[in-house]
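What follows is a single chain, given as structure tokens, in the form predicted on its own.
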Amino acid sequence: MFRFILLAFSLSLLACNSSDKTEEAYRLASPNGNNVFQFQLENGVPAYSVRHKDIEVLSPSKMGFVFRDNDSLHKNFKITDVEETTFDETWEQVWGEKKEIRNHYNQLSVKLQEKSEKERKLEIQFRAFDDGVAFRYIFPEQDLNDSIFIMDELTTFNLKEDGKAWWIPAYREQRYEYLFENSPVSSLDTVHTPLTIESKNGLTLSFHEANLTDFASMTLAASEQTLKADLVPWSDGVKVRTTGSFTTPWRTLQIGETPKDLITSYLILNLNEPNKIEDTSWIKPYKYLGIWWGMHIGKYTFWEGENQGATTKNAKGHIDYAKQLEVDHLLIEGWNKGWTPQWYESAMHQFSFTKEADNFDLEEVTDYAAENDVRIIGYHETGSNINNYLEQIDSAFALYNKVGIHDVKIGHVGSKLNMEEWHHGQFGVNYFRYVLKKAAEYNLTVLFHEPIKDTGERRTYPNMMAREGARGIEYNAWSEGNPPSHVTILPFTRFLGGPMDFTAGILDVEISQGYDGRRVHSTAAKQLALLVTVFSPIQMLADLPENYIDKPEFQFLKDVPTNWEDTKVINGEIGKYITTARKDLNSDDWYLGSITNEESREFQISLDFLEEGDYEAQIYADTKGTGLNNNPEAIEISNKRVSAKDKLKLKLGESGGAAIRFKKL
């Protein structure tokens, strides 16, 4: 049920308590008064600034666009209308890290018009939330006959103070799959968003965008303490193509007084349109097994041959494992025709999405799965040959409907789509949204790999379950791997955009059946804890399924939900540690995950997040002396009666963790 309150009004800003007008200047405060926009028009040039309480966060920053032929839209404006509104609602997620989300903001809409002979109009909408601020541009229909070619967006974010940025580079071959670095903002080049900054003023900031629709995604180019919007171009250099009008994504700034405040900000979701899928009964979170880890450690191959992973025999064996382990979903990659050892090197590689690989019978596998109460997840690897995929997408989705598949993983390996367009340019933005909407027509949920970044569209299309979009755990299988700090950075950076298919839950962290010298750089207890610190409505229990048999610690992986009523971040420092507690949507139980980087740590955790009454704390933790390089697979399991009045002492080994189920008694 929606609990909805809406109050909208237009008034003279001179008479409004939350807005003060001087000559061509307007002020907008958040509902609690902490976050404040100021918009000003100086000599016809628009600019804005941002404050948090008494701290100046952004000093006056430029706004506007450059069209083709150096036709600029950023000066010689006059204000034709100003309107302020307020909005307050509470809405429910179809699934999520928190069931009910409050969407409460004040909005200032400023309508501008050029004083030149073109007299073009531009509206800028500002929204001030208690957890941050956002703005977007609206270029309305205005009797223009020519197409619009945006060559540059002039938006800047002029930081008042320098700070330490946590970033990955833009315009690189591996898209978002890089380790985060940290360095002063003043030393950056061009980086992806979300961009998280620990400012010298004591605040933690995250720059991103929301509701990215039919527009180029925004990277940020740095110069000293100024960040400038850098739109990802088409192959010919044009940033955005449109006709008649355009509306940009929201440019967002989440503001936290501590780093952990950013994680429970729902500003990005609130800036997206409400759910457009009327019947959502077919959209369900889940956990799944697969042959994926076996492929990455070299046990299986994607392609047909002696060690082919996707065979009917292997699939049935994994269905048996899924039934035994009581995991209700299974993913078998490589079931279709087109896989070769060099598939990822072949430009515009041709896959079939309806023809089966040798030794694989799709109907036999899906029928066997149904008999055993297991659901098969479909898999489409496009190889970034988008033309080939779109030619087959309807027949491919129809096939999945026919055999009872309701979920599909779609990959886009390749540095550019169709070998020429960035995944995160306007072409890619429109492609990924098209596929998502097409999947909804066939009642299919979607898991994107090698995707466009998440900007909150899961609110509008909740069949968008999760995506990759970061350096995942598979890098540990065949490269130098991810350092222990990696998963203590992601919650404060990449995960601010939305859920990630991180594929944790590896118990054989030393990879006994894999490539020599490769391992997962964590303890097994930390792998359990990741199922809580990493939010996703779908979670892969990624180890070889045989490694879960007769392991007592598998009980936590079996118990932990993927859909939550509430989320609380207990503690956290970027790159060092994080402790997260989440309440199960379907019971009175709470779950807690705590992880650390390469340093061992001790925490005294207050359990005041628990409700009244007693709980059984089922604790899975590093054994005494366990750490990254010392008996990393050893897990101590213990039980303790606790209540909200208690504190719990946790000891984490080097790159260790603890996972706890608080079962209501």
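Each residue number is its position in the shown sequence, starting from 1. On a predicted model such as this, the values are computed, not experimentally measured, just so you know.
Note that the form predicted together with 1-deoxynojirimycin (NOJ) isn't included here; everything after this is about it.
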item	value
Among 198-206, 292-300, 520-528, 93-101, the region lying within 4.5 Å of 1-deoxynojirimycin (NOJ) in the model of the complex by heavy atom distance	292-300
Residues 565, 611 and 661 all lining 1-deoxynojirimycin (NOJ) in the model of the complex, heavy atom within 4.5 Å	no
Residue 416, heavy atom within 4.5 angstroms of 1-deoxynojirimycin (NOJ) in the model of the complex	no
In the model of the complex, residue 543 touching 1-deoxynojirimycin (NOJ) (heavy atom, 4.5 Å)	no
Proximity of residue 343 to 1-deoxynojirimycin (NOJ) in the model of the complex, heavy atoms at 4.5 Å	yes
Partner contact for residue 409 in the model of the complex: 1-deoxynojirimycin (NOJ), 4.5 angstroms, heavy atom	yes
Proximity to 1-deoxynojirimycin (NOJ) in the model of the complex, single hit among 492, 590, 379, 157 (heavy atom within 4.5 Å)	379
Contact residue in the model of the complex, chosen from 230, 356, 474, 131 - any heavy atom within 4.5 Å of 1-deoxynojirimycin (NOJ)	474
Sequence-ordered residues of 310-338 touching 1-deoxynojirimycin (NOJ) in the model of the complex, heavy atom within 4.5 Å	333
